[in-house]
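Presented as structure tokens, the chain that follows is alone, the form predicted on its own.
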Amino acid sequence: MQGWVTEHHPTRDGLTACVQCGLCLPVCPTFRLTGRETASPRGRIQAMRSVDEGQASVDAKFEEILDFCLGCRACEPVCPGMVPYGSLLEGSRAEISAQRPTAYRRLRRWVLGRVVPTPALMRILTVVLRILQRLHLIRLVPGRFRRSLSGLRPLDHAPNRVDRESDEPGGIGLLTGCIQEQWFPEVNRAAVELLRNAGHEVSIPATQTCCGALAAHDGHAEVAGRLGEANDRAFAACGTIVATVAGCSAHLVDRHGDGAADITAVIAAAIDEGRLPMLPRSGQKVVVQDPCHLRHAQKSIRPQRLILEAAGLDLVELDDAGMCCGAAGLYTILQPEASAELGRQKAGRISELGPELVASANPGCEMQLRAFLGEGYEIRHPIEMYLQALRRHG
């Protein structure tokens, strides 16, 4: 058996921290969907152990087991052994990429390493999508992509994107995000306005690039490392790197610790400290959807609730233990059936609750929810809702 071949492989300490207790089973979306042990965190860790101990190899079966995982990290908060499941998963996928470099994986590596981090190419893609939206031709997109793209916000009337600044950085450096910058620019603009209203100096480094989260989750560790190093240089003079995408902020926090944060944490802190106001109750209800990389990876659920309460909204909880919506980066493309079933379950729960206003702090989740909820629902980032409320109150 070949075993591990890269420096990114799962560590022995991480693998042996799992005591196979099974507390992860009820919170794992894929186990709940299938009931299969190999679709659970402890089952996947057992597969990793088998490779680590030379009893199995990185073969097609191992790849199938790991690829079915959402990477939602719901298992981490309930684990008594504090198993670093996210890093074990990324390390195992790095091994799959190294030992089984199929044409499809090479294509994904090129897209995530070259296309997505290049603003000019992303702008071209955005123009194409805008034309398809305007002509109502999204239905012509191949099936695996069509469902996700059907959840895009209208691109026709998107406001100007925030300008990348090359002057001396301030205290906070804003990561604009490869997807967020092109498809959800309103969120970044809200972030800049609120941060400056709260008294923060905000810099948007001109040389920044994709954070590398998508590449890391798909097993392209060297691509993620290269992008991370480029951003280290771009944000070198910033005190804190802030991201408006939960998946990006989780990746940055894993890399930089306290030197990075999600926008919801920073805005909530400003509200707590009185630098941004609490508004009177409006009586309008909002369903709160927790992105996995906020709830599970960063263990952060209070900030977005505080922001929504400060906007004068009444919160309606899903009470589904933060079950993943099925978006999970590339999962909608790689595992469309499982992704769709989870999306239907989440949308069904939201529709049962009644309110047609939904808060979500991650673009992938927003697209997934919009695709399954359909028309009639307004889905926005919590900071957008807060800024809108501030403007209504002058």
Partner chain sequence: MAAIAELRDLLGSDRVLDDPLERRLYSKDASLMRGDPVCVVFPGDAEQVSAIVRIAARHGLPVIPRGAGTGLTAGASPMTGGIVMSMTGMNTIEIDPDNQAAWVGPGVINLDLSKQARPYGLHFAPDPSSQSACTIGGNLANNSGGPHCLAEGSTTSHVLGLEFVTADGQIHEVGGLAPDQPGLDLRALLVGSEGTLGIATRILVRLLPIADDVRTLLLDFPSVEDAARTVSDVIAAGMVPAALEMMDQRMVMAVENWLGAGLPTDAAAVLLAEVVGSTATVESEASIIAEIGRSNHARNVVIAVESEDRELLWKGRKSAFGAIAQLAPDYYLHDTVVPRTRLVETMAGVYEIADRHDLTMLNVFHAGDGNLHPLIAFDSSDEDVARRVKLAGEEIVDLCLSVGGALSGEHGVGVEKRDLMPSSFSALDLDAQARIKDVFDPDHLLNPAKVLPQGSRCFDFGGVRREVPEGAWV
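Fair warning: this is a prediction, and the values are worked out from it, not measured in the lab. Residue numbers count along the first chain shown, from 1.
Beyond what is shown, the protein has a form predicted together with the partner chain; the following relates to that form.
None of 204 to 212, 301 to 309, 226 to 234, 74 to 82 except one has non-hydrogen atoms within 4.5 angstroms of the partner chain in the predicted complex; the exception is 74 to 82. Site residues 42, 50 and 65 are all in contact with the partner chain in the predicted complex, judged by any heavy atom within 4.5 Å. Screening 335, 345, 351, 46 for any heavy atom within 4.5 Å of the partner chain in the predicted complex leaves a single hit, 46. The closest non-hydrogen atom of residue 373 lies beyond 4.5 Å of the partner chain in the predicted complex.
Proximity of residue 31 to the partner chain in the predicted complex falls within the 4.5 Å heavy atom cutoff.
In the predicted complex, no heavy atom of residue 357 sits within 4.5 Å of the partner chain.
Taking the partner from elsewhere, residue 340 is found to have every heavy atom lying beyond 4.5 Å of the partner chain in the predicted complex.
Of the residues in 13 to 39, those that come within 4.5 Å of the partner chain in the predicted complex through at least one heavy atom are, in sequence order, 16, 17, 19, 20, 21, 22, 23, 25, 26, 31, 32, 35, 36, 37, 38.
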